[in-house]
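Shown below, as C-alpha cells, is a lone chain in the form predicted on its own; questions about how it binds or moves come after it.
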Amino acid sequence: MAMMVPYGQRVTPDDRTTGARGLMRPRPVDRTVRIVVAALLAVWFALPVVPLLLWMVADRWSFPAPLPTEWGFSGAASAVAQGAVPAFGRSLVLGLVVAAIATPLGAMAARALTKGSVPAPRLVSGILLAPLALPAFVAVMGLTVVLLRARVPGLVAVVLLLVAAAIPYTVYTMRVAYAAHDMAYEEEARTLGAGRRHVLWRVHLPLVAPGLARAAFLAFLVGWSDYVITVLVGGGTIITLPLLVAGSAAGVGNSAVVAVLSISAILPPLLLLLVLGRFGRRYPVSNLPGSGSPRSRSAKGFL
C-alpha cells in the first residue's frame, strides 16, 4: 500500500531498511566527484571577477606585468564623477519596480493557466512566452511604435516594456511552482472557516514563497541589467548602470572605471540572491491549518 506524504514534508529513510540496499548507500567516490565538479564550477565563475577586483585598485597596469604597477583608487573617483551613484540608484529602482509589477502578474497568470480557468491555455501560454523566442530588438521596436503613438512618457514606456520582457520568466517560474502546489491546504483552511484573505496570506503565499522569490529575482535581473530597451525607448535620457558600463567600455583607457562599474553591477543581484535564499524558504508545513506532525518541515527553499 502506497504511503501518502504531505506536500513539503521531508522523508528521512530508515537506516535499518536502507542499510541493506547498496543502491541507496552514499558512495564516497560519487561525493568526491560532486565536490570536485562544484569546486571547478565555482572557480570558473569566480575567475573573471579577479581581474576586475585588481583593476579597481590599480592606477596603472601595463602588459606584461602580472600585477598592477601603480595602486590607487582613481578608477572609483572617475566612476563617481561620471555619475555612477545616480545611475546605480536608477537601475536599482527600475529593477525593483519591474519585479514588483511582473511577479504578481506572472503569478496570477500562472495560477490561472495551471488551474485551467483560461480559455485556449496553449494559445495564451504561447503569447505570454513569445518574448523569449523573439529577438529583444524586434519585440522592442514593435512595442515602441505603439507606445510612441499613444504618447506614453519615456520612463513609463521603459517600465512597461521591461515588465513585458520579465513576465515570461515569472510565468514560467510560477507555473513550475504551481505544478507542485497542493490545493488541499487551501481547501482545508476554507473548510475550517478561513476567509479568502486569510487563506491568501496565511496559507497560499507561504507555500508558494520560494517560487515567488525565484520569479522576483528573475524579474529584478531583467530590469537591473537591461540595455536595449533603456537605450531605444529612453532615448539617452535615462542613464542606468548598464548604459554607463557600455559607454565606459567603448572608450580607451577606462579599464579601472569599467571594473568599478562592473563590480557595482554584480553586488545587488548577489546580495538579493543571498537574502532571498535566506528568507525565501518554504513555510513550515506544521504551521498550516490542519497540518499533522510538528516534525513536518520542508528544507526546500529559494536555491
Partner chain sequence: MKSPRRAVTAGALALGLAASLAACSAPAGDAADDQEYGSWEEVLEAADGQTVRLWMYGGDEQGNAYIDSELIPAAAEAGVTLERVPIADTPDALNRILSEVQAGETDGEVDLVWVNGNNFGTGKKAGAWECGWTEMLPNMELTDPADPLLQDDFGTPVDGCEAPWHKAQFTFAYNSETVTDVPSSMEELLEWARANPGRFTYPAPPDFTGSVFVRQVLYSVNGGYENVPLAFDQADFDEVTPALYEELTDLAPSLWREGATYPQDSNELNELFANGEVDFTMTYGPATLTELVANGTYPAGTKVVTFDEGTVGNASFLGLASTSGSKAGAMVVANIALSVEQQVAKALPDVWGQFTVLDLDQLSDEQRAEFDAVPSSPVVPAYDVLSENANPELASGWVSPIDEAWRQQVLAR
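Treat the numbers as computed from the prediction; the structure is a model and nothing was measured. Numbering follows the first chain given and starts at 1.
Below, we refer to the form predicted in complex with the partner chain, which is not included among the displayed structures.
Trainee: Only one of 81 to 89, 165 to 173, 113 to 121, 187 to 195 gets a heavy atom within 4.5 Å of the partner chain in the model of the complex; which is it?
Mentor: Contact criterion met by 81 to 89 only.
Trainee: Between the options Ala180, Leu148, Met183, Leu132, which residue brings a heavy atom to within 4.5 Å of the partner chain in the model of the complex?
Mentor: Of the listed residues, the single hit is Leu148.
Trainee: Of the residues Leu218, Ala139, Leu232, Leu128, which one places a heavy atom within 4.5 Å of the partner chain in the model of the complex?
Mentor: Answer to the contact question: Leu232.
Trainee: Even though the partner chain is not shown here, does Ser248 get within 4.5 Å of it in the model of the complex, heavy atoms only?
Mentor: The answer is yes: Ser248 has a heavy atom within 4.5 Å of the partner chain.
Trainee: Would you please decide whether Gly236 lies within 4.5 angstroms of the partner chain in the model of the complex, comparing each non-hydrogen atom pair?
Mentor: So Gly236 counts as contacting the partner chain.
Trainee: State yes or no: in the model of the complex, is some non-hydrogen atom of Tyr227 no more than 4.5 angstroms from a non-hydrogen atom of the partner chain?
Mentor: Residue-level check for Tyr227: yes, a contact with the partner chain.
Trainee: Give a yes or no for Val97: in the model of the complex, does one of its heavy atoms lie within 4.5 Å of a heavy atom belonging to the partner chain?
Mentor: Contact check for Val97: yes, within 4.5 Å of the partner chain in the model of the complex.
Trainee: Is the partner chain in the model of the complex near all of Trp44, Leu105 and Val199, within 4.5 Å of a heavy atom of each?
Mentor: No, because Trp44, Leu105 and Val199 lack any heavy atom that approaches the partner chain to within 4.5 Å in the model of the complex.
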